[in-house]
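A single chain comes next, written as C-alpha cells; it is the form predicted alone.
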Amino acid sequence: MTKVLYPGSFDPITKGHMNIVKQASDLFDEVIIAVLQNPLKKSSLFTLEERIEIIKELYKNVSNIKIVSDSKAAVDIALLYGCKAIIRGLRSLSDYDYEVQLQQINKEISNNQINTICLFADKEYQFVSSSVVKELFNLNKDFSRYVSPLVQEKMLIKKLR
C-alpha cells in the first residue's frame, strides 16, 4: 500500500487544496491529510480542532483519505505513518523555489526515506489560496467559488459570532 502525506494548515481548506487531494487519492492507495498549526502565523480563522472537523466532514465518505494532526515536522509525520512521499501543491514560480528548498531538507532529515511530489491544481484553482479566501471574506466579497459549500457555511457562521 502506497501512502502519501499532504500537510498544511488548511485555514481554510480551499477547492485548490481539495483538487490536489483528489489527484493524490487517484494516484495513491492512501492520502493522509496532516492538519498542522503554522507557528509563523499569528492568528487563524479556524482553530486547529475546527479545521480537522471540517476536513473530516468533507472526506467522511472517501475511504482512502485519512485526517491526522500532530505537532511534529511534516517529514516526521510522514515517517510515523509509513508514507513514501509528501505531496505539495504548486501554484507559481515562487512556490517552486520554496518547495525545492523544503524537499531537499526533508529528504536529508529523513535519511532519504521521504520524497516530495508536487502536483498542480487544475487551472481554475491555480491562484486560489487560503490567504486570498480570507481576504475576500474579510472584505465581504464573494468567495464561494473558491471553497466548498460546507467551508463557506462555517466561515459565515464565524462572521456572525
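Remember, predicted model here, so these are calculated numbers, not experimental data. Heads up: residue numbers just count along the shown sequence, starting at 1.
A second form of this protein, the form predicted in complex with ligand ADP, is not displayed here; the remarks below concern that form.
### Contact test in the model of the complex: V151 vs ligand ADP, heavy atoms, 4.5 Å
Because no heavy atom of V151 falls inside 4.5 Å of ligand ADP in the model of the complex, the answer is no.
### Message
Residue-level question: is F10 within 4.5 Å of ligand ADP in the model of the complex, judged on heavy atoms?
### Response
Yes, contact at 4.5 Å.
### Task
May I ask you to state whether F46 is within 4.5 Å of ligand ADP in the model of the complex, using heavy atom distances?
No, F46 is distant from the partner.
### Task
Classify I20 as contacting or not contacting ligand ADP in the model of the complex by the rule of any non-hydrogen atom within 4.5 angstroms, answering yes or no.
Flag for I20 set to yes.
### Message
Under a 4.5 angstroms heavy atom criterion, identify the one residue in Q126, S69, Q113, N64 near ligand ADP in the model of the complex.
### Response
Selected option: Q126.
#### Entry: Options 24-32, 117-125, 104-112, 56-64; stretch whose heavy atom lies within 4.5 Å of ligand ADP in the model of the complex
Selected range: 117-125.
### Message
Need the contact residues for 80-99: heavy atom within 4.5 Å of ligand ADP in the model of the complex, sequence order, or none if there are none.
### Response
Heavy-atom contacts within 4.5 Å come from R88, G89, L90, R91, D95, E99.
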